[in-house]
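Encoded as structure tokens, the following chain is the form predicted on its own, with no partner shown.
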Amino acid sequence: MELLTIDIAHVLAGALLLTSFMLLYQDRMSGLINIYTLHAVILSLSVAWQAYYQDAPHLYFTACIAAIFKALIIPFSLRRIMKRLGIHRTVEVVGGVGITMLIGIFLVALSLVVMLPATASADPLSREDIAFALAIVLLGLLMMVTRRNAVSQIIGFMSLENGLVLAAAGANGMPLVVEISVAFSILIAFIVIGIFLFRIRERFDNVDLSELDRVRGGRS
């Protein structure tokens, strides 16, 4: 029974990693938000399963926070931002999708090679979940540096934070107050980023960062 429990936790973490690759592959804004919503739903299920495995009731609260904020409020807010900014097009990827996917595979392999030996003394569930979490964080960073649209970079940042939540849930003993603080910090960061997006749009009439660089270069 314990092996089945660990296998289910690994399947959920693996699904989260697979969804990170789907975010890297997706080049349409509406598709990005839909896949991010799926990312958040899988994260909520993974944290809830960790709560069951660790017999830690406070993790159920974390799963509820993830479901409400990440799977409902943030995707709804992103769709509102898209509608108000008039963004309904494809997202340009620096270097192309193929190269980005290859770099992503390399980062996942690097995470496994680094984390599995470093956590050899930890229990099997935490050990492999932390390796998956590091891979998800690195894929989120990769998405942020390979996308030229500010909204898609926000989604990369949010997927990166999902990896941190997965790592925190896998580490036994994290206080509930820390989880709540992190959740609200991310929400406030999202609100601030949203305000900056509208300001950028009003100032430059665009949220494509390559266009902003061009405008800045023209003024220098």
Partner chain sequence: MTLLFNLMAQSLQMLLVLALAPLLIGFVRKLKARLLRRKGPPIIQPWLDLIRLLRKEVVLAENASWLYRSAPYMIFAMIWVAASLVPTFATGLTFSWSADLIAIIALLGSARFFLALAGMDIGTSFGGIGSSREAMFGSLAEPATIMIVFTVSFVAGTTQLSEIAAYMVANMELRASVGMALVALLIVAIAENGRIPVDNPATHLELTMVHEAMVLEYSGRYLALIELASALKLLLYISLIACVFFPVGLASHDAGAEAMMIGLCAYVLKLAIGGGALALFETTTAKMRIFRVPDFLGAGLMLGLLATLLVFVTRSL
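Everything numeric here is computed off the predicted structure, so don't read it as measured data. Numbering follows the first chain given and starts at 1.
Omitted here: the form predicted together with its partner chain. The next part is about that form.
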Partner-proximal stretch of 38-46, 24-32, 62-70, 158-166 relative to its partner chain in the model of the complex, 4.5 angstroms, heavy atom: 24-32
Contact test in the model of the complex: A109 vs its partner chain, heavy atoms, 4.5 Å: yes
Touches its partner chain in the model of the complex: G98 (any heavy atom, 4.5 Å): yes
Any non-hydrogen atom of V114 within 4.5 angstroms of its partner chain in the model of the complex: no
Contact flag, I105 vs its partner chain in the model of the complex, heavy atom cut 4.5 Å: yes
